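Next up is one chain by itself, shown in structure tokens, the form predicted alone.
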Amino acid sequence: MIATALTELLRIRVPVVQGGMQWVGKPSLVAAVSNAGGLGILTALTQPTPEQLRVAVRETRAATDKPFGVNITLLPTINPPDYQGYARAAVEEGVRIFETAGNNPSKLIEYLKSNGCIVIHKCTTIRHAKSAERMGVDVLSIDGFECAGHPGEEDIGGLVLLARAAQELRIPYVASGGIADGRGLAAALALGAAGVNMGTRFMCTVESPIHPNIKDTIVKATEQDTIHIFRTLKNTARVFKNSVSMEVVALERRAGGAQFSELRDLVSGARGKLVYENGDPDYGIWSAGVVLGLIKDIPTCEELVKRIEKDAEDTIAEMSKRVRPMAKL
């Protein structure tokens, strides 16, 4: 067993977190990850209302007696969701582990900590991580440039970002972006992380609620099959490279750029949701990390987590054999 500060804090067997993913972090996947020994995370905003999040929490608890969490991501939007309502519903249902992300999380973090919750906050820069540390979060998720979704605007890869985290942070952190196997877990541990956060890899499992055709698309894809959109709008997102995302980029690159109003219909969340439901990978925008290049199968969550655990242990043991200290004179 690989025991770290993360496994001890969350009371999980393997230091692997399934990150919150819109339309994907549903009870079937969350319970499967937690039952496998990792930490499954429900995505609050996948549910239309806080009351429906209550239902999802109850469904998850009926399927696992292991720890699981809830993700609440603060989105830049004109009409923000009822974040406090989602948080309150989850807390009242007994959830005590939360993954937070997005801008200005202080009020949300204050509420969660006042209710005795463990908070994992996602950051793409060390300065934001240090700010969250001051807010009192328990664990930081350090997202490198390789990650799906929003990697920030500074384009720092995980290798440097995680090493910087080891230099600067006082609390445990997990590595996110570009990780799909035990070798990645071992590398993250070597860089000072207490575990890993995986999104795209868990999308491609038996229990993932997305359409089988999208899972097959992930298996066939390579690390070259993602693209950044919204770069010109300073809200960069890494998504699957398809006809829609290519059209968005083309509009952004034209003379004079593009306003969000011109892109809204192409990038709507409703279209992205239908990708997962109907199985057409070209229908809308959907998140995917460069870790696509490492995904070659569709295992159960139990098979995947066990494989990661064993391969990480084997990699660590192999390193101790392969790297031999020189004899001192």
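Throughout, rigid core stands for the largest set of C-alpha atoms superposing within 1.5 Å between the two forms. All residue numbers are counted from 1 along the displayed sequence. Computed from a predicted structure; not experimentally measured.
The same protein also exists as the form predicted in complex with ligand NAD; that form is not shown, yet it is the one meant from here on.
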Partner-free chain; cross-checking ligand NAD in the model of the complex, the single residue of I171, L75, I118, M135 with a heavy atom within 4.5 Å is L75
At 4.5 Å between heavy atoms, is Q22 in contact with ligand NAD in the model of the complex?
yes
Examine Q167 and determine whether its closest non-hydrogen atom to ligand NAD in the model of the complex is within 4.5 angstroms.
no
In the model of the complex, Q84 touching ligand NAD (heavy atom, 4.5 Å):
no
Going by a heavy atom distance of 4.5 Å, is T217 a contact of ligand NAD in the model of the complex?
no
Please name which of the stretches 220-228, 76-84, 171-179, 247-255 has residues with heavy atoms lying within 4.5 Å of ligand NAD in the model of the complex.
76-84
Contact check for L45, G269 and S287 against ligand NAD in the model of the complex, heavy atom at 4.5 Å
yes
Going by ligand NAD in the model of the complex, which residues of 82-119 come within 4.5 Å of it through any heavy atom?
none
Please state whether N104 has a C-alpha shift of 2 Å or more between the shown form and the other one, with the rigid core used for the fit.
no
